[in-house]
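First comes one chain, alone, set out as structure tokens in the form predicted on its own.
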């Protein structure tokens, strides 16, 4: 009768499955899963274990896909990660990989607390508990080794700090640090070592430990319907599928959905490429903030207590819970269990809160965070607009005037000059002793020289030896002898002509042409200044190409040149005088180029002129012209 309802399978139809079962015994393990029952009924609290397992799978799959494009070297890592981010799919994939690692740590913490509360570590599940506890620090290390792989400033700074913590281990610490770094400092070999750990050794260790953990889970936590009579449970047994499986799947979908939404919306962060010359205040990820805060109280020789002893004590305390369960009375065991959980949660939570709170109230740190985020955005912007050279992404910001210009100005110029607008936005100095260079070469900035009050004020010659020189006297006499509105109109034309020399105004405009005629004619500027083939050098700066990049390079290189201030130079040093041995100069050719490009960028209030290219006659490249000027001067001396 049964053969008519369920006809016997044919040998041919199941031959392959039978062949496979004879070799791997898969039907045995499948039966365990299919026949699992729930003695205590289904629960949402059980879903954490399933989510953890599948997040590990997601991490491995997304990591394998990222490996197809990632390049593990200091010169190419950042560029390859940036390339991944350029496509929506790549950006989403990297985001899922990044945020899944954070979700993994959160869920692991929740899962451990749940296991402690329900005492799932009791005999015979000791190995389930121990392997689970060992998996937690292993996954943390796995995550840590992945953070620096993008070769970002943040990631490399973090691994530098973590390596120093490792070096604090007694006896073997320095040896471990040297193995991790591949030398005394973080470098290209460090990235190779981290890559090996992240995609090779640690996945193997985690997989092996997971295998033991799952084997013990199946062995001691699974009840098959055939053995249900041993459980002495009167209530009907519910099968694992679908009662618990549906809950697991629902929780997983919620977690993965949240991760996917965050990844699609924001993607994984990509800070600026690593550069030891860039300012940065390293901070660990949120899950190590407690350790960062604890190190404040254990410094020097006692740091080892914070970084090694305290974590080891907590890990050991959790490890011995199965032993305490056997040795202590139930009430005492419950108190110990609650004490360990409360102590860990309170310590972790309070130290983490203090760490974030201290940083939140630290205005200097907050400013550095904003500045670093601006640098990171600038690096990504540059990477989108230009090719990354063979020396890597580090050159993006090193050669960028907007990034390096303020730093060079602060280092070499800000002891005398300010570079700030009326609201002190920019590089302001407490006591300016030389002209404010904000907007140098623009019409507005030049008009300040033609203002009786401004020229002798602190933003121009007020704190210099030129406060009462011929220029200021000439301006005063012009206003004393001429109709003010008419004179203002003429001076505006001259300012426009000089701004055209700098490239801020169209060279062929009628205003610029009229200004040039006034400059060499009625206003008699060439009585002191040289302009084109009019006037001579030696009395005042040459106005030919005034405030252009070529002119500024010449001035900064040698302000005592007859072309500029000659013997009347007011304490400004020569930053690039020696063309034969440029290594002895205060500024290299590259630094000079960056500084001048940054100084001559248009301020916001002069952007009306931006985009109007100057139509002045072509000039030789400023570096070549400057070199020729200096060579002539050296020969003449």
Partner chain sequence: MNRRELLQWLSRGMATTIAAIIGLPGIRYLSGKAPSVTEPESDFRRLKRLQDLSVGRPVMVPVLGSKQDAWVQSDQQVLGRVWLIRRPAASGAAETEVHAFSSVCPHMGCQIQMQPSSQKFVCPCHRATFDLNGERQNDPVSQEANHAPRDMDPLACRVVCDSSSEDAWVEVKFETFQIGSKQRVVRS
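As the structure is a computational prediction, the values presented were derived from the model and not from experiment. Residue numbers count along the first chain shown, from 1.
Note that the form predicted in complex with its partner chain isn't included here; everything after this is about it.
Screening 522, 386, 185, 481 for any heavy atom within 4.5 Å of its partner chain in the predicted complex leaves a single hit, 185.
Proximity to its partner chain in the predicted complex, defined as a heavy atom within 4.5 Å, holds among 343, 402, 518, 161 only for 161. Remark: none of the three candidate residues (149, 194 and 198) comes within 4.5 Å of its partner chain in the predicted complex, counting heavy atoms only.
Here the chain stands alone, but in the predicted complex its contact with its partner chain, taken as any heavy atom within 4.5 Å, falls in 288 to 296 among 523 to 531, 288 to 296, 347 to 355, 467 to 475. Although the partner is absent from this view, residue 438 stays clear of its partner chain in the predicted complex, with no non-hydrogen atom inside 4.5 angstroms. Taking the partner from the other structure, its partner chain in the predicted complex has no heavy atom within 4.5 Å of any heavy atom of residue 314. Contact annotation for residue 215: none of its heavy atoms lies within 4.5 Å of its partner chain in the predicted complex. Taking non-hydrogen atoms only, residue 175 approaches its partner chain to within 4.5 angstroms in the predicted complex. Residues are counted as partner-facing when one of their heavy atoms sits within 4.5 Å of its partner chain in the predicted complex; in 352 to 380 these are 362, 364, in sequence order.
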